[in-house]
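For reference, the chain that follows is the form predicted on its own, supplied as structure tokens.
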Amino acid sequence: MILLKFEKAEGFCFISHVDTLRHFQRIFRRADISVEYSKGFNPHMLIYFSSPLPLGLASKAEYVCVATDMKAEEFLKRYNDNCPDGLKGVSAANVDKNPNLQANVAACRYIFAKKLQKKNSYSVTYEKKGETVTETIDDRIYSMGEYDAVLASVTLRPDRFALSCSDNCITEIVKTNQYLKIGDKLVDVDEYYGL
């Protein structure tokens, strides 16, 4: 298996997770990358992404695990020769099995275009099934600087966090790192898998 780190930039930040999956399937076919298929009535490529990125956010640290027998260097070269600029591969590594990053990534680091306001307590308000919901999010903020924050990856959307820290809407948000929780420490996915 190959673990590929890629960027999602330019116009691709406005493409849904499902359409990103379709792009990858086309790229693999175009690059003549042999990907294993599932068994069963409706076989599909064995491709495993990290958690979906909210629509409109760019990323320098997205991951996909691909079931193939290729070596990482050859895979990365073929992939980059056949993909659009907004989905360029950054690095690749061979892994023994699917690391299931969608379930195991605990936090992500985001860079915000505007300065974040420090507060004693943070809360987000949003609509859910026609009702207004307000939640305290202090326990989901791992660290925070003037223009960046490390946030719980699945339970806190960075755009909602940005609204709680700014008078205006922050539209330019870029994910730069993803972290696994090993014991009580956050470890960068790149460092853990040698990317």
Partner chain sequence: MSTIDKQLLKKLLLTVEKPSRYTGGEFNTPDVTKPHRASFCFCFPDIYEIGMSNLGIQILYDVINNDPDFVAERCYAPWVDFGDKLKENEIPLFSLETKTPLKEFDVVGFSVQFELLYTNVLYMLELAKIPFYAKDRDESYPIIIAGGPCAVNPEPFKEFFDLIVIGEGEEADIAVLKAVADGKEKGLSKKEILKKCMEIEGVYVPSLFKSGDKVVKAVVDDFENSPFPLRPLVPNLNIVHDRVVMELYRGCASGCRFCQAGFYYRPIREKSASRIANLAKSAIDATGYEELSLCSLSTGDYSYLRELIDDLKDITSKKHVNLSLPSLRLNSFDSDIAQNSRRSSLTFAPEAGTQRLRNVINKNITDKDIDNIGKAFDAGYQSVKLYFMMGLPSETDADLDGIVLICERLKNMYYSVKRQRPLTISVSCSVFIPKPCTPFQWAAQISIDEMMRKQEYLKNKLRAVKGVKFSWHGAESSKLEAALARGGSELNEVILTAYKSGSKFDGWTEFFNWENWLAAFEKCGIDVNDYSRNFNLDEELPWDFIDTGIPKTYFKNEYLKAIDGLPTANCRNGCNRCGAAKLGRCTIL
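Positions refer to the first chain, counted from 1. Keep in mind the model is a prediction, meaning the values are calculated, not measured.
Keep in mind the form predicted in complex with the partner chain is missing from the figure; the text below concerns it.
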Subject >> Heavy atom of G40 within 4.5 Å of the partner chain in the predicted complex >> reply: no
Original post:
Is there a heavy atom of T171 no more than 4.5 Å from a heavy atom of the partner chain in the predicted complex?
Top reply: yes
Original post:
Using heavy atoms and a 4.5 Å limit, would one call F12 a contact residue for the partner chain in the predicted complex?
Top reply: yes
**OP:** Look up in the predicted complex whether R22 has a non-hydrogen atom within 4.5 angstroms of the partner chain, and give yes or no.
**Re:** yes
**OP:** Using a 4.5 Å heavy atom cut-off, indicate which stretch of 23-31, 123-131, 66-74, 144-152 touches the partner chain in the predicted complex.
**Re:** 23-31
Original post:
So which of A107, C83, L116, L101 reaches within 4.5 angstroms of the partner chain in the predicted complex, heavy atom to heavy atom?
Top reply: C83
Subject >> Members of 53-73 lying within 4.5 angstroms of the partner chain, judged by heavy atom, in the predicted complex >> reply: L55, G56
